[in-house]
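Here we start with a single chain on its own, the form predicted alone, put down as structure tokens.
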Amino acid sequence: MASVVRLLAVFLRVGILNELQYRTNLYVQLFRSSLSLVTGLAGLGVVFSHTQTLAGWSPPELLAILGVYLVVSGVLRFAIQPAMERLMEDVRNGTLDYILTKPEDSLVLVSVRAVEVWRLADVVLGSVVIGAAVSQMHDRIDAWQVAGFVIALVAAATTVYSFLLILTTLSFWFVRLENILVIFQSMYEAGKWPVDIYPAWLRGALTFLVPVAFATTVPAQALAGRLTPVALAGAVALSASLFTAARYFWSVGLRRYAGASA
């Protein structure tokens, strides 16, 4: 774990130095993040102009889901998605050799070497939205809810990372898979709303096929006091199992890699 933190710190520093060369990107990202927040709030405003609850979710609870969506989206676009996109490119071009020859765990290296610093704006805005949602909740948020929320949020990030790693590892077998990340991002948009509002077939797909529910709805349920200890344990078990499966699949994929010299 110490080596992972050290490597992340190094690549974060390099990423910051690179991004500081193009500071306009900060303003572009702030505009994007603000636009996403405004459209999300507008959607909530339209819904609650016609009803007091949505599938049993109150306005503050839905605001919490929007905040979680922004936070997880920020983490996804800050480190996970850039790393996966670069991995696909390296596999296609045969330049993954430079990683495999390093005296570090190859999976750790490919996972932390690419960051887009300005994407952290989503994390900041999402945290502000979550704080606003908590302040509007009538029931007092106790320590167990906060702990459950933090655990569920870490499990959510692990689940999303593991799922995308599995998709990206398919590039060892298939040449071009860039669009698969775009498809995932499109499906992730559904995470702005609780999965309870969708039809049963779509709810099942967003829970077990593409883990959007575990990424956004479950952490918000923990914050709102809706998540049982059994469900939280299930979310943690899923994230751990998916991470183990993704790491194994990565090792299988590496055996398929021929390298630039092939």
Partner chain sequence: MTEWVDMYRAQLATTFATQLQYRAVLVIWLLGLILSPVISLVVWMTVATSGGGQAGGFTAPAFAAYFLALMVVNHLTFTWIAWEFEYRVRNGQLSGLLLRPTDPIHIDIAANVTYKTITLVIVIPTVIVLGAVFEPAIEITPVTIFAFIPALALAAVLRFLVEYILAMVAFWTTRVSAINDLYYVPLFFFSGQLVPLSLLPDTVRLIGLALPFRWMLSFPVEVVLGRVQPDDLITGYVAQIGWIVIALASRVVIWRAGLRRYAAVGA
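Residue numbers count along the first chain shown, from 1. The structure presented is a predicted model; accordingly, all values stated were derived computationally and were not measured.
We do not show the form predicted together with the partner chain, though everything after this point is about it.
Looking at 184 to 192, 81 to 89, 95 to 103, 160 to 168, the stretch with residues near the partner chain in the predicted bound form, meaning non-hydrogen atoms within 4.5 angstroms, turns out to be 184 to 192.
Using a 4.5 angstroms threshold between heavy atoms, Ala42 counts as touching the partner chain in the predicted bound form. Looking at Arg32, you'd find a heavy atom of it within 4.5 angstroms of the partner chain in the predicted bound form. Heavy atoms of Ala55 reach within 4.5 Å of the partner chain in the predicted bound form, making it an interface residue. With a 4.5 Å cutoff on heavy atoms, Leu202 counts as touching the partner chain in the predicted bound form.
The putative spot formed by Asn25, Val28 and His50 is fully lined by the partner chain in the predicted bound form; each residue has a non-hydrogen atom within 4.5 angstroms of it.
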